[in-house]
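Below: one protein chain in two forms, given as structure tokens, structure 1 then structure 2.
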Structure 1
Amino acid sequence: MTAVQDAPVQKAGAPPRQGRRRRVPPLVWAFLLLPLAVELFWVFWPAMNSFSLSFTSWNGVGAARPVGFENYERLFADPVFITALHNNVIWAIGFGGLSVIGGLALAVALNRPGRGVGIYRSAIYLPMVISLAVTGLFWRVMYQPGGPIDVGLGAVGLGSLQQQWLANPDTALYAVLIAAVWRQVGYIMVLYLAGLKGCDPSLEEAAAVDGANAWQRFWKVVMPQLRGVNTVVFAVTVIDSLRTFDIVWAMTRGGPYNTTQLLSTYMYQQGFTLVNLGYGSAIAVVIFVLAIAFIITYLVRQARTEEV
């Protein structure tokens, strides 16, 4: 049989198969382009403006005066900025570590059928529904002198630990950190619950048959299957730790004596309280660079691990 006889017969008048392209309806383009336009206008354009403003001195009135790298030079000679940067390191480690450990532990504990499990999940996630500002006000009441925390300590015989938690420079940052973790842990729990639902139970059963204990099954079998969730959790945690603002501002406004100042609160204070927009933009650029650096470094390391 010849090659001509084997070739498929194309109907007369039909367009070539390679030239056929499905036409995208205008409504689909509208749903794609309108959100993109809003994102460009409200997110990317202000972000680019922050980069340009960081090289100027401007109080919001009149023309901005170019100052080159002067704002960045001032940053590293500013003791409040150094304190805020140091606090952000503590915040990222404490907020990220406690949220992830707590959320993962709760997800593992509640990833099983049982009576009332849904109620426990909802109760733990409920603080995430409350805004950060309201959460801050709630914990201010908890920490106030003679408040529920002091009363609880007195009831269990630890009255000597009672103090003004938010007015003491040694405890203020950690008191706010506990409030932030209390809200975040439910969100991390939900992310890990979704990941655990996608794990293959047969692998864990096979490991149990081979004699692996509960910890070995979790660390060697379950955790590798949560690699994708870990990437999401890491990105969310880093971004949230660097942009934390509402709860700190509601509880302490960066005080006492700037001991709870974070990069985000110091940026707001410089940009909108003192109306030093150029200096505040320089702090915003530092936050952006730190977030991108952490996330890209983590993703590169994850990619290399997968290749190995």
Structure 2
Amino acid sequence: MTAVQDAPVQKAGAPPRQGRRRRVPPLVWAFLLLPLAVELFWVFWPAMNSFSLSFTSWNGVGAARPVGFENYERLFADPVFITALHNNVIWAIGFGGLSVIGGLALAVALNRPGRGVGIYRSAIYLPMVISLAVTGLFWRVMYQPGGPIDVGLGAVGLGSLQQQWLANPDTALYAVLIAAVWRQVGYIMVLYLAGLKGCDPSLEEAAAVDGANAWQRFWKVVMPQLRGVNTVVFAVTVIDSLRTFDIVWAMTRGGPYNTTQLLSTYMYQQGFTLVNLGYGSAIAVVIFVLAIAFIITYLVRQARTEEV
């Protein structure tokens, strides 16, 4: 920035050079266009393909048969799709809510210096290092009949709560949800910790002098300063909850009888297990539209509040 502003002053006697500077050098074009081409080919072209595939019936062999809106009509008559949509709403609220509340609480608790804070922070962040598929396997062992959770419940006298967590349609989705939150909470905590480090402590001190209590200081002084982090956290959470796939697939595969099916797992099952590519693409399009709609409405609202 400064170099560009300074340049005309220093070299005022060389107008041709100025002209050259305004022209974007070919190298920059190359650096822009090459990645764009790669992006178009590897990301946008497949995405567009999945749009066009969603209007066909295709099992990957031979020519795709165009069927118009049939796949979409089928979707809304498909009880499994409705269950998956419903589960995605529960998932977005539960996963988003619990991990944000938990992450924020942990960040605030662990933001002050104290003995062993580093250890707590790393311990909470540690699950993030493990891949979701492994997390799923680990929690499947935890939830096994006669596994640590059932044994633990029995040991504290809550034996009546013991059950087959992942095989019971009433508990399976929430059991998976807890495993996913267990992992996500550390990530959100780190984001908020970074945000809290950027907060101005003197504002909080000033508020304390003015007689604000701890809750008021947090809600009225710290939270507004975290607005940038909140945007990131919201976007990350919505996207993560819509794309959640691996942990559900590793733990339940959408079962028992489709009660833990999410849009992503149902899309995978239709597209890749049953090679029902047209129908699977239609589900993928629904996921895409939902994600985009969420993000756009949020960004628009965010932009409006910033203008005011």
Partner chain sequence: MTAMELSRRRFLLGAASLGSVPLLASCVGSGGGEAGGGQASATITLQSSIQDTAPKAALEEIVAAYQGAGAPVTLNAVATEQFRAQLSTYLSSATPPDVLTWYAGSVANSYAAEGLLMDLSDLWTGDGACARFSDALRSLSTSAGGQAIFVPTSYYWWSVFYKKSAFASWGVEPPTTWDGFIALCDQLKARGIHPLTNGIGSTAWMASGWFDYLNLRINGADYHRALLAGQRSFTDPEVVAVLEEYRRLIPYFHPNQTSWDSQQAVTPMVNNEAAMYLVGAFVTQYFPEDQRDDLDFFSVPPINPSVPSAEEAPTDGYFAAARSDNPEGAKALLSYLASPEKQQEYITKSGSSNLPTSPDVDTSGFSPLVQKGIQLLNNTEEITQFFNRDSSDALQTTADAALTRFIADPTDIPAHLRDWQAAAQQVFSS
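Residue numbering: sequential along structure 1, first residue numbered 1. Remember, predicted model here, so these are calculated numbers, not experimental data. Rigid core here is just the name for the largest C-alpha set that superposes within 1.5 Å across the two forms.
It is structure 2 that shows the chain in the form predicted together with its partner chain. After superposing the rigid core, the C-alpha of V61 moves by less than 2 Å between the two structures. With a cut-off of 2 Å and the rigid core superposed, P35 has a Cα displacement that reaches or exceeds the cut-off between the two structures.
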